[in-house]
Ligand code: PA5
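Only one chain is given next, in structure tokens, and it is the form predicted on its own.
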Amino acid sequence: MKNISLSINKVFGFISKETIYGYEEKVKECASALEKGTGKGSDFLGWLHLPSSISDAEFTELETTAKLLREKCEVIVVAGIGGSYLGARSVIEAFSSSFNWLQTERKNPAILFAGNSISEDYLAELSEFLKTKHFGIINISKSGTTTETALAFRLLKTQLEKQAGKDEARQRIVAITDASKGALRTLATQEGYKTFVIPDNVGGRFSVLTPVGLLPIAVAGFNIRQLVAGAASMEKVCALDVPFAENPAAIYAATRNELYKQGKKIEILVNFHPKLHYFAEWWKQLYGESEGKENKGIYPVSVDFTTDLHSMGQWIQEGERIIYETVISIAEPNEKVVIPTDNENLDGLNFLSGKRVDEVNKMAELGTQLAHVDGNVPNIRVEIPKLDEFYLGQLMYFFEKACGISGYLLGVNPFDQPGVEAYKKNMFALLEKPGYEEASKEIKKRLS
């Protein structure tokens, strides 16, 4: 079976191959620190060998619970924020029909998401939609007190108990939370909810291959065993004993850090396949939250091509030269569409007759790459043989492993997120939450 592949040929006009390969010893030190747990944030390295350590019993428990939810529910609402929902959503959106939301008859429940914002309109619309639905809830929160998620769950739980009754509601609620402590663990124990554990040594943005991601993905009807198998295969490809020249995570980490040194402060993740839109959202959190510290870090952004070539293309081509691109390319699409001949040819497209739409897309990709490199935008390319669970699992693990190495190369702790707490403190003070009285006084002074 093939693996995803990495090409950095289009950065050699900006930095030399020798410079990148000069990182070999540094990268090995960083990878060794991950392996031995001697670097910063070593308490959160549970993801490193997670793919190869998941047991058959764990898969069976997840699949059994997913089956029960599918039998009981036509809609499942996943309540979570950040890493507690982006991983699952990225996989589900990648494999769902683009018109899934229009389907009135479906084999598996529709998967909706809540608890990732504080939009009253969204929650009101969701509540209205669910009034006529047999729905269930997967609530994902280590503490059970994260404001966005806890607020959504309170509303959803109240509605579900009202519509289905408390006994039936507890059969349709699953809590994914801490093993022994926290508000959600306490509630789950009191109510008798089915529960899964968020491992203490796996941070949210690395949690897609724990029950946090695997249960919603299984409920949606996708193959979690293949997703994990792909990640496990990439775990071997990116292992410590793999030579630098053959290790895609090592090369990617070295390349992006050298580009950063050369003033390329923004990395644009590009896809030519709209099903990868939420994968890019997952990737942005992974790198942004891992590296954006101590006034350091590459800023991660994303675009969907060719759509965004008609909006962002001008800036990318001729704007400030502080960017580089990492393009995710899918070698073979899952569907086949051939362009027909038109006798009138008023659109002038008969020169494409008989070609697959994907061939046109691939030439758009190649043409864009050449134009952007000519416009002084270095270009990294990651190719996936096809978009399925196995290769998406490979892609996820590749980016996770490279992120750990890259963070250490940058000199930061890639596994904490101290800056995330600042807005929460201000919000709680403004809302006059108990315990925030002094902070509330200070904020009132600032706003007066």
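The structure presented is a predicted model; accordingly, all values stated were derived computationally and were not measured. Start at 1 and count along the sequence shown; that's the residue number.
Note that the form predicted in complex with this ligand isn't included here; everything after this is about it.
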- Exactly one of 195, 302, 116, 146 has a non-hydrogen atom within 4.5 Å of this ligand in the predicted complex; which residue is it? 146
- Message: Under a 4.5 angstroms heavy atom criterion, identify the one residue in 376, 127, 186, 285 near this ligand in the predicted complex.
- Response: 285
- Since the chain is shown here on its own, which stretch among 346 to 354, 259 to 267, 79 to 87, 118 to 126 would lie within 4.5 Å of this ligand in the predicted complex, judged by heavy atoms? 79 to 87
- Task: May I ask whether 3, 248 and 401 each come within 4.5 Å of this ligand in the predicted complex, counting any non-hydrogen atom?
- Result: no
- Query: Is there any non-hydrogen atom of residue 204 lying within 4.5 Å of this ligand in the predicted complex?
  - Reply: yes
- Task: Check whether residue 172 has any heavy atom within 4.5 Å of a heavy atom of this ligand in the predicted complex, and answer yes or no.
- Result: no
- Does the 4.5 Å heavy atom contact test between residue 141 and this ligand in the predicted complex come out positive? yes
- So, in the predicted complex, is residue 417 in contact with this ligand at a 4.5 angstroms heavy atom limit? yes
